[in-house]
Ligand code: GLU
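In the form predicted on its own, a lone chain appears below as structure tokens.
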Amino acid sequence: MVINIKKVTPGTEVELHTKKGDFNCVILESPTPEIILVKLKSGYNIGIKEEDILDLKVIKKKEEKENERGKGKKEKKKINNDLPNVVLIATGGTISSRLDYKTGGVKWLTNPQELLKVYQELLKICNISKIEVPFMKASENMATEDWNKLSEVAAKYLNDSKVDGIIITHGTDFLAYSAAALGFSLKNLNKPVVLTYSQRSSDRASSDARLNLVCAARVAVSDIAEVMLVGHGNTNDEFCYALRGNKVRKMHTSRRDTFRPINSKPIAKVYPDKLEIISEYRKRNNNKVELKNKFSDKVALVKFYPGQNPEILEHYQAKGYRGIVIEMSGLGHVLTGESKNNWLPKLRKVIREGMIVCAASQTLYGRLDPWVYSVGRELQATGIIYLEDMLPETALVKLSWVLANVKPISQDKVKEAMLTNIAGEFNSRLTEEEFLN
């Protein structure tokens, strides 16, 4: 039987019977005439030789799929006056993307309203009174000017009495940097600011976007006035955690529960219909949010490794960098002693000449302590600022923020600001419960 599969429009959902097995899949645009490229329900793309196809059945044409996606596009938005109002800020990432039938990968949604059409459950919790798109970027393409813009948009709505909370959709890989930036730049926070994500795009059956968005909405209308990340608490579609934005890290490349709290308990366990409070939080209030969203580009995060040459400090100094965060060993050590790459002389030199050098721990969990060993005491005497249990990425963002906002800049003023707890970025004490939570 001759199968003219090449006439099937990319984007059509089909049932394929082949010599290798049966597949329920979506036809993609193929790069070569002999191979038919398809996307499986698992999300993986595979190529099938045309000669191996025995039969096919069209389940849903591309036009039908697109009509379903756009269904109700012209309907007038309905506002339920009994529900709180939430602003959705879309910035990019997998959660703001869908399948590209040509490449088999994902591309940005042309209209973020599509998320609301797919995930109608949100509208049972709150009104999405406004959708803002300050930019659409993969998170690795964001920079300080994007933190600035995101903070500015958030502050505008936090000071709007008609808005009860904010949801920000964001890419996963560098989400923690944006969350930390919001924590420092939104002073006197008064309402929930919830960042959420998905590891898999919204058109995949295994997408985590639905539960993450619904739980984000539940937190956005709650009494918790914090910058938080809300996402899957386990690999199933059961519940999410609300995590402090500056005490969280992405810990897995693809798991849906990729974000874990570091040296911190979750604020809440969140279900679509309720939330259970786990730890203390700042409560919703009537403060006027003050925007302090300047950030310096002249900061760097350097990971120390055994044998590393300290000349890297002078490299950054020569390039005009004003501050460096060094990821040191667990307690806060780098190479010293008789080695030709002893860091002590270079550290003394650059700090004496005005560079701010801070220390964070590579281990993530636990607290720096330069007093345990003599090498730590020698390093501390150079003027390094030891940042307690602050995460390295949070430390970088905070140093960027401090150097842009503290005037005039001096070692003492910067040290005082870096060791002042502004948004819960470090703890006064740690417990066993906060390890691998």
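Treat the numbers as computed from the prediction; the structure is a model and nothing was measured. Throughout, we count residues from 1 along the sequence that is shown.
One more form of this protein, predicted in complex with the ligand, exists but is not displayed; see below.
- Query: Does the ligand come within 4.5 Å of a heavy atom in each of D160, N190 and N287 in the predicted complex?
  - Reply: Heavy-atom distance to the ligand in the predicted complex: none of the three under 4.5 Å.
- Given that the partner is absent here, state which listed stretch (279-287, 136-144, 357-365, 314-322) has heavy atoms within 4.5 Å of the ligand in the predicted complex. Looking at the partner contacts, the answer comes out as 136-144.
- Does the ligand come within 4.5 Å of any heavy atom of G93 in the predicted complex? Yes, G93 is a contact residue.
- Exercise: D173 in contact with the ligand in the predicted complex, heavy atom 4.5 Å: D173: contacts the ligand in the predicted complex.
- the ligand contact in the predicted complex: S185, any heavy atom under 4.5 Å: Flag for S185 set to no.
- Is there a non-hydrogen atom of S198 within 4.5 angstroms of a non-hydrogen atom of the ligand in the predicted complex? Yes, S198 is a contact residue.
- Of 367-402, which residues get within 4.5 Å of the ligand in the predicted complex if you count heavy atoms? Counting only heavy atoms within 4.5 Å of the ligand in the predicted complex, no residue of 367-402 makes contact.
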